[in-house]
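First, one chain by itself: the form predicted alone, in C-alpha cells.
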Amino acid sequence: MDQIIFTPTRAAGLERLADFTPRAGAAYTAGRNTDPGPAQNGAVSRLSPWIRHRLVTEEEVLRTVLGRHTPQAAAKFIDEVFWRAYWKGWLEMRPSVWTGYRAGVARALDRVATEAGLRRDWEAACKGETGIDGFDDWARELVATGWMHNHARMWFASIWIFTLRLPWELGADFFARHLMDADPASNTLGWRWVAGLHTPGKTYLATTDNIRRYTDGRFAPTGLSREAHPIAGAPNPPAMALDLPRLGDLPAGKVGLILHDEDLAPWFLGAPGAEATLFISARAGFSPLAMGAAGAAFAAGAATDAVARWQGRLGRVTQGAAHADAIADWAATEGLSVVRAAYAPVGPTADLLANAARRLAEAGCVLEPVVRPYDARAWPHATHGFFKFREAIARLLSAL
C-alpha cells in the first residue's frame, strides 16, 4: 500500500510543519474534510503523531501558523489544534469516564469470547472483511500504516456503531491499538461523541452521499444505517476541580528523570540536568490486546530520537519496565531523592506514575510531575462542550 511516510523524529515533524504552514488557512478550510487516500497529502497537516508525543508541541504549531496567517484565516486549523487540549482537559476533570471505558472494553471482550456471532463480526471489522466499501479500506489502511484521515475516523466509527452494531468500546480499542496518534482523551471521547454519549443525544451518522463527496468518489458504500440512535450509557459525571501540581524548588539530593511517551521533551530540566533517566512506555496499557506494529514503531522511534537529542542532560539512561516496583528499584539503585516527570494526563501512563509515586514515597523518594503551562492554561476551560471552550481560544493564543 503506497502511503505517506511518518518518520518518528523531531526534525521530520518540523519539516512536515514547514511544508503544511502555507496551506493552514483557506486551503485547509476548504479541503480538510476530503480524504484523498493514504498516498496523498490532501489538505490536512498529518502532524498529529509528532504532536501526540510532543516531538513537536501545540505551541510550536500555533506560533508557526500564526506567523504566516491571521487567527481569522487559520481559525479552522487552530480549532483542530485546540480540540486535543479540550479533550484532555475534559477527561482530566472526569477520570471516571476513562475507568468506565476500560471496564467496557473488558466486558465487550468477554462477550467476544463467548458469543460466536459477535466474535465473527468484530474480527471481520478489524480485518477489513465486512464487504462495506470504504470501511474495509480504512480498516486495512489503519493496520498497515497507523494512520487514518480524521473525517474517515468519524465515518468508520459511525459505521462500526450504527451499521455493524458492534460495541463502541471495541472500536475505540481498535483505534487505540493501531493509531500512531492515539491518546486516551482524543480517542475515547471521540468515539463517545460519535455514539451520542459525550454530548447526550447528539450522534454522528455516516451517509453514502457524504462519503462519496468527500472521498472524491473513491467510495460509495451501500446498506448503511439510516438512523443513529444514541447508545445507552451513564450520564457524564460533573466536572471535578482541577488540582494540577505546582513545581517547587528542588530538595537536596540526587535528581532523576522519568521520560515517557506522553511527553518526550523534558523542557523543565535545568542545568546540569538529571543524574539518571528512566524511559518507560505504558503504550501496552492502552489495550488488553497486542498493540499494532505501526503505532508501536513510531512510539519507539520517537523515544530514541528524544534520548539522542537530550542525552547531554539525561545522565545515565535506562530502559525500564512499565511497573511501579521496577521504577522504585531503579530510583533506589541510582540513590535518588527526587524524580521529576512530565505530567501525564488521564490514561495508562498516569495510572503507572500514580502507583510509582506511592512506591517511591515508601522508599523516601519524591515523584514530582511537571505540568506544561500550555496545558495548565487550556485544560480548566474544558468544563462543558467545545463551543464553550472555544470562547477562551483568543485568550489562550494571546498567552503564547
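Residue indices: 1-based, along the sequence shown. Because the structure is predicted, anything quoted here is derived from the model rather than measured.
There is another form of the same protein, the form predicted in complex with a small molecule; it is not shown, and what comes next is about it.
Student: Please run the contact check for Arg153 against the small molecule in the predicted complex: heavy atoms, 4.5 angstroms, yes or no?
Tutor: Residue-level check for Arg153: yes, a contact with the small molecule.
Student: With heavy atoms only and a cut-off of 4.5 Å, decide whether Val346 touches the small molecule in the predicted complex.
Tutor: Result no; Val346 lies far from the small molecule in the predicted complex.
Student: I'd like to know whether Arg309 contacts the small molecule in the predicted complex, with contact meaning heavy atoms within 4.5 angstroms.
Tutor: No - in the predicted complex, heavy atoms of Arg309 and the small molecule never come within 4.5 Å of each other.
Student: Check Ser287 for me: does it contact the small molecule in the predicted complex (non-hydrogen atoms, 4.5 angstroms)?
Tutor: Ser287: no, not in contact with the small molecule in the predicted complex.
Student: Would the small molecule be touched by all three of Val255, Thr318 and Trp330 in the predicted complex, meaning a heavy atom each within 4.5 Å?
Tutor: The answer is no; none of Val255, Thr318 and Trp330 reaches the small molecule.
Student: What stretch, of 237-245, 205-213, 172-180, 129-137, brings heavy atoms to within 4.5 Å of the small molecule in the predicted complex?
Tutor: Selected range: 172-180.
Student: Name the residue from Leu352, Leu47, Val65, Leu367 that puts a heavy atom within 4.5 Å of the small molecule in the predicted complex.
Tutor: Going through each option in turn, the one that passes is Leu47.
Student: Which residue among Pro167, Pro266, Gly190, Gly89 has a heavy atom within 4.5 angstroms of the small molecule in the predicted complex?
Tutor: After the contact test, the surviving option is Gly190.
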